[in-house]
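Below sits a lone chain in structure tokens, taken as the form predicted alone.
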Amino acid sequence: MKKLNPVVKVKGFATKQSVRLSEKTMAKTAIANNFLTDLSDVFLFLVQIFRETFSRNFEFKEFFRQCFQIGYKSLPLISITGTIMGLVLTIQSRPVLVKFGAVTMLPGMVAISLIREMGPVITALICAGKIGSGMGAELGSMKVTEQIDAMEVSSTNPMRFLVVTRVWAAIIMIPILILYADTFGIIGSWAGANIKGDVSFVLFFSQAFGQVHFMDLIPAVIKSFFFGAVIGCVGCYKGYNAGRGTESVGVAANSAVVLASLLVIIVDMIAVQITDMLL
């Protein structure tokens, strides 16, 4: 029998190892290319939204219809969510304040917590689940059934009619929904304070808004517009760029909720840091 050359073994091992390294390098390169491609697509999508916003033929009728769909149709859910927020926050906070004899600080604490942080963030997350998924599913189904292609063929601009109207409706209506949720949160807090106490409606509201300053409201309102922009852009982007299969509708709706919720939390973190530096 012939003996195998050990040099050949080493060379063969080195060749296999170099092949594995090249495969790993190619995989990393493909991931980087896909990330950069997706990033460029998002940038072009945002540029197109900005360009179509200031076009002459803005679809005001569709814009108001989307405002109705996003705002009015979400009022029952936001009402329940805001009331429960204030009720739970009051019930959880009252025993701690009773120990320190600071029950009179409860309305102001709840009002500041709702207006600054809890109201905007929780309402935006609820809207990301309801509105973002609705946009992703609706535009995704239109993409699958080739309705968007039919609009392009019939010389109708789908970006202006479908995307721009939904994005601006979300930017306008979500801050209003957040203020609406804050109001119901304070009402729920009053109801929670009366479970183990007896506080009049007028006294509770005077104590609540006596601790709230103008600068507590402005940063919350400003960041709520960014929440609306994030939810609208993500929902429309995922739906508008959905695949051709029927399962892509569910994928678009699911990814829109996940990404919009994540970006809402990131935007809130950035807004809190900026507010802390300015104030």
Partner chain sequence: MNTSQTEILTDASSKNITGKPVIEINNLKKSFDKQEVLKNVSLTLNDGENLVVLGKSGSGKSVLIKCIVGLLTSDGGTIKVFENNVGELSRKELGELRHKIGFLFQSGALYDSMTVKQNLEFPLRRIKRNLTEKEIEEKVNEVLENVGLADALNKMPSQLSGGMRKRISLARTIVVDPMIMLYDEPTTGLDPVTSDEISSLINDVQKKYKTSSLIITHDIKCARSTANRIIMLNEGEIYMEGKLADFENSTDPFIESFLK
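Remember, predicted model here, so these are calculated numbers, not experimental data. Residue numbers count along the first chain shown, from 1.
The same protein also has a form predicted in complex with its partner chain, omitted here; what follows describes it.
Of the candidates 113, 157, 93, 83, 157 is the one whose heavy atoms come within 4.5 Å of its partner chain in the predicted complex; the others do not. Among 147, 194, 104, 206, the residue placing a heavy atom within 4.5 Å of its partner chain in the predicted complex is 147. Partner contacts here mean any heavy atom within 4.5 Å of its partner chain in the predicted complex, and among 104-112, 119-127, 149-157, 178-186 they occur only in 149-157. Residue 216 falls outside the set of residues with a heavy atom inside 4.5 Å of its partner chain in the predicted complex.
Although the partner is absent from this view, residue 51 stays clear of its partner chain in the predicted complex, with no non-hydrogen atom inside 4.5 angstroms. In the predicted complex, no heavy atom of residue 168 sits within 4.5 Å of its partner chain. Interface residues of 58-91, taken as those with a heavy atom within 4.5 Å of its partner chain in the predicted complex (partner not displayed): 59, 65, in sequence order.
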